[in-house]
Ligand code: AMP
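Only one chain is shown below, in structure tokens, and it's the form predicted on its own.
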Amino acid sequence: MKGPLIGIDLGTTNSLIAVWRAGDEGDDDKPCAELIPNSAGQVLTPSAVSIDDDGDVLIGDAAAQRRVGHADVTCTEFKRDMGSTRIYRLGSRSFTPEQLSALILTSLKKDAEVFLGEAVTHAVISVPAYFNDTQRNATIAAARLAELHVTRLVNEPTAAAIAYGLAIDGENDGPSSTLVFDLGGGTFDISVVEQFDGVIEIKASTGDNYLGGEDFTQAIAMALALKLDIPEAQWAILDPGERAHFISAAERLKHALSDTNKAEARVQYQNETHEFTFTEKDFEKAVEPLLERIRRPVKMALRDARLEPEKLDNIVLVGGSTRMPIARKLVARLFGRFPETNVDPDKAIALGAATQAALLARDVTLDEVLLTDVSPFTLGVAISNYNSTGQLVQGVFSPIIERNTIIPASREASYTTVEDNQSEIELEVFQGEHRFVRDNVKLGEISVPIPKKAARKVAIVVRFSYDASGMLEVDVAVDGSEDHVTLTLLGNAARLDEAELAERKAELLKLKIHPRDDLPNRAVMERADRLYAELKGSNREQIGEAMNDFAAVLESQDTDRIQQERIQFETWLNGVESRL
């Protein structure tokens, strides 16, 4: 890897970037991964993009603050649509999920370059363990749009396991088993990890790509809507601005119920302010279907790892959504004990990704650490076979490399023709867990010429070789022949062709990106504007006066004074928002 050893947690709600610090010889500082702050001095950068009235693109907190008042030109949660054909329209502009992610990555890259004082060109980027091949390639495409070379994609719970494994290095006398429970803003992953003699071995990974903290927020928002007799069908067609008010109130409730068992909610709907009392029991009732969805992957991961819950030595919570008491209670009920709390759930993945970058670069300070991972999905081919009544059933999935097989791995299977005088076999490669390939993800196809013979008289041997970089090589040989046909599917090659990548990059270059150094000031003004819209009476007047005062300070262009006044303004807004 060239340049700094960088790791990126490209999250649904927040993103982070970290660098591996090897330490100087003779220095007291130990080698470690270090988080890099953004222009506001924060390590968490909201994964949000917005376009203001001047056509400038806002990224991070400045964009996140506009979700309520400017919902039509603000976008979040686009990570969930990576690899899809969805188009996001922000005002008159259109973006793919990859372009939006590229804007976040560009912002993180700039923060790192300012912090380190040198160019950043390579990075290890984390993805949910349950991301399929299409989603992983979309992540790589986003990085290429941001002019970053992806050295490797690392599964999020694997990155967390690396961070946790090094954090407890030397504390255990013998082998230890750990379950990493990763509940982020938009995805949920589970990994079972074993650590022994400097080896961190992933035994099993599974999860749900459409389950995270944002779903808990949506469930609370829906519960608030039902209190106003808004049925689910009507909720789905609400104006984005109206729906944003419910979601904003739900987010405040979610955070408030982390510290108390009862909280007040205020929602604006149809030009009226409605107030509710929302209890911990109301929260549990609203999210019960989500809790049920969490239980299944946990059981599957333990079954694949062939491990009973009581045999686990450690349970580690990762992802900001694990801060919810309801998530911690669920874990305690599932395993009969409380999880570990010595790893920051927001930061572990980025730190682990930077450590993985050092491992790949063979940093001398990590020579004794060995990491093994698994294939999170089953890989196989489409076949046809006859059922008990003699009917030919097509599109059946035949696994070759089962999920949670330690990688790199190589497996083979044999198949025969089903029709007379076939001249070729069209072999389709899929990834997934379903019986029929129509429900799985197609990775590619390969045509294999064969001699014309009667059905079942010609056999082929299919070998899958899958490495730690996400490269799958499919080698097909006709039985009895020395001829081979090979298909290589690169997990680290974007599916977009060069022309399409160039076109999308050109579109991003045309954008006016709001100056990085001014984003903290813009963010606090957007936050104040949001609160101004939500409040009434004297509270609104006070915020308006404070905004005018800070605007005057900005005109002075006195950097030190602006920073001092901004900190005071933010502190005051914290007090205002805490009383909502």
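Being a predicted model, the structure only gives us computed values, none of them experimental. Note that residue numbering follows the sequence shown and begins at 1.
The same protein also exists as the form predicted in complex with the ligand; that form is not shown, yet it is the one meant from here on.
Residue 339 falls outside the set of residues with a heavy atom inside 4.5 Å of the ligand in the predicted complex. Of the heavy atoms in residue 432, none are within 4.5 Å of the ligand in the predicted complex.
In the predicted complex, the ligand stays beyond 4.5 Å of every heavy atom belonging to residue 224.
Not displayed here, the ligand is kept clear of residue 245 by more than 4.5 Å at the level of heavy atoms in the predicted complex.
Across the options 299-307, 93-101, 209-217, 228-236, residues that bring heavy atoms within 4.5 Å of the ligand in the predicted complex belong to 209-217.
Contact with the ligand in the predicted complex, judged by any heavy atom within 4.5 Å, is made by just one of 137, 107, 74, 321: 321. The contact with the ligand in the predicted complex, taken as any heavy atom within 4.5 Å, belongs to 251 out of 313, 280, 251, 428. In the predicted complex, not one residue of 62-94 has a heavy atom within 4.5 Å of the ligand.
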